[in-house]
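Only one chain comes next, encoded as structure tokens, the form predicted on its own.
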Amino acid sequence: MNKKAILIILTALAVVLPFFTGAYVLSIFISIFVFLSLSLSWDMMLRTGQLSFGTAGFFGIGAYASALAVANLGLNPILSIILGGLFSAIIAFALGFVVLRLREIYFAITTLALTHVFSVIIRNLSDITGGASGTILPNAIFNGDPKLIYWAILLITFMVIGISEMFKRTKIRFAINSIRNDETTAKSSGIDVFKYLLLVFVITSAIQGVIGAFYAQQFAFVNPESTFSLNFLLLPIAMALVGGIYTTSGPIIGALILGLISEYLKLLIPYGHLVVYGVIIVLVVLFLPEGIFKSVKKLFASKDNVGSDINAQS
């Protein structure tokens, strides 16, 4: 069975899953797809060589833009999700002219600080945002129907995967790889480094805003503490590292494995699951530094090479 056939089967299974499972299983996969999309967006930015810690910040901005548009303006929840992505993209575009002049640890620290800045602004605009108490929406999207919510996040996830693949299969890949490997050489080759960094920064921030907006509409609630939680930064990073960075398959594998393990550990050891979860991440990073996807791929490649050598000798 070739790769395309396997992908078609997996896609079909994902689409029909709600017909064979209950709300609990769907809630697990909804959560996995949320973090999977965030993980892919983080990895897309990393492919440029820039380590961004702003995932939770743009997630929160998108969530609040969507929630406030519904609560204060009566906007349709689905349109508000699009608005959340657009608003995050606009903020990223404006900030990009400043933060993208920075490199390495300075860029990482600045993007992390942005999350705190966004949270402080939201807290202090209490007349609009509800301050520290947050904002409650009249209804969850699709009136809380788990099947429709699942299909919505599945569609968003497919779109994020498509964007990630676009980054791999178009000329953008050559530009961002060149920037990551050697920025000076990239400039001398005629690549507009800032243009590509800004493009990727805006697109990934828009994705994070859309996911944040979806999350807000799913739970019909936002507040600074939970919406700007560092879980929306640390878990996506862990998933990408475990699965394998600079790929589309890596974050997907990492999200599925860690998402399912996390849920199982919650049931097995409710008060200690995070410790075990952390140990698993450390072990994978130590012994499989390239991630599960690349390590398994290399293993099969080495077996194929050994097999071809034996056949050649015989």
Partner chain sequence: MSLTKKQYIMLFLLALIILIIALWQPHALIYGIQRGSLYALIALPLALVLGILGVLNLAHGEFLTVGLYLSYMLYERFNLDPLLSIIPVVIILSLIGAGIYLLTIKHVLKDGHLNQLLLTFGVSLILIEIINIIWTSRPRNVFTSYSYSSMSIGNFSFGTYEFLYFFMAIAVLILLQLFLKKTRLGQATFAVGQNPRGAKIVGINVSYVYLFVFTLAVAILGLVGAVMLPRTAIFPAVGSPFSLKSFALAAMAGLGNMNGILIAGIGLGIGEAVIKSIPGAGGWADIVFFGVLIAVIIARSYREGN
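What you see is a predicted model, and the numbers here were worked out from it, not measured in a lab. Positions refer to the first chain, counted from 1.
Keep in mind that the form predicted together with its partner chain is missing from the display, and what follows is about it.
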{"query": "Per-stretch contact check against its partner chain in the model of the complex, the hit in 69 to 77, 148 to 156, 236 to 244, 198 to 206 (non-hydrogen atom, 4.5 angstroms)", "finding": "236 to 244"}
{"query": "Complete contact of 110, 277 and 281 with its partner chain in the model of the complex (any heavy atom, 4.5 Å)", "finding": "yes"}
{"query": "Contact of residue 53 with its partner chain in the model of the complex (heavy atom, 4.5 Å)", "finding": "yes"}
{"query": "Exercise: residue 250 in contact with its partner chain in the model of the complex, heavy atom 4.5 Å", "finding": "no"}
{"query": "Heavy atom of residue 83 within 4.5 Å of its partner chain in the model of the complex", "finding": "no"}
{"query": "Interface membership of residue 104, its partner chain in the model of the complex, 4.5 Å heavy atom rule", "finding": "yes"}
{"query": "Within 112 to 133, the residues that have a heavy atom no more than 4.5 Å from its partner chain in the model of the complex", "finding": "112, 113, 114, 116, 117, 120, 121, 123, 124, 125"}
